[in-house]
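The form predicted alone is given below as one chain in structure tokens.
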């Protein structure tokens, strides 16, 4: 079955399915699940070599995130943070079509699971008010970062 495209460019899934799509370079990823299990799914993949520039850090990062990103030592962590925020926004947007900017979630690194806790600073949906936290998992390869998250009903 073909996956449609909504007015904001988001995938439109068949009835009973939620998901997200991401691509970078020659990698494309689709993440899908049943609406009985998930309210939303988010995925993002970024090439580490083509990540945001250090100058872009002030647009992507909240003040509390700047120290962790260590922008002066390279862009690997900044790319991870950017990718994690993209996954969070992809998971939440379809719920009520609330557009989130980079400053609308604050991420905290959780080393034990190689990921972030994303705390919302803006209401994203009825079940996701300010203060809600989504877990984000990051997988690093030599050249890319893959970020995934989910929302439950």
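Numbering follows the first chain given and starts at 1. Since the structure is predicted, the reported quantities are computational estimates derived from the model, not experimental observations.
There is also a form predicted in complex with a small molecule; it is not shown, and the following applies to it.
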item	value
Contact label in the model of the complex: residue 100 to the small molecule, heavy atom within 4.5 Å	yes
Contact flag, residue 8 vs the small molecule in the model of the complex, heavy atom cut 4.5 Å	yes
Proximity of residue 105 to the small molecule in the model of the complex, heavy atoms at 4.5 Å	yes
is_contact(residue 89, the small molecule) in the model of the complex, heavy atom dist at most 4.5 Å	yes
Partner-contacting position among 18, 134, 138, 22 - heavy atom within 4.5 Å of the small molecule in the model of the complex	22
Stretch in contact in the model of the complex with the small molecule, which is absent here, among 47 to 55, 32 to 40, 123 to 131, 81 to 89 (heavy atoms within 4.5 Å)	81 to 89
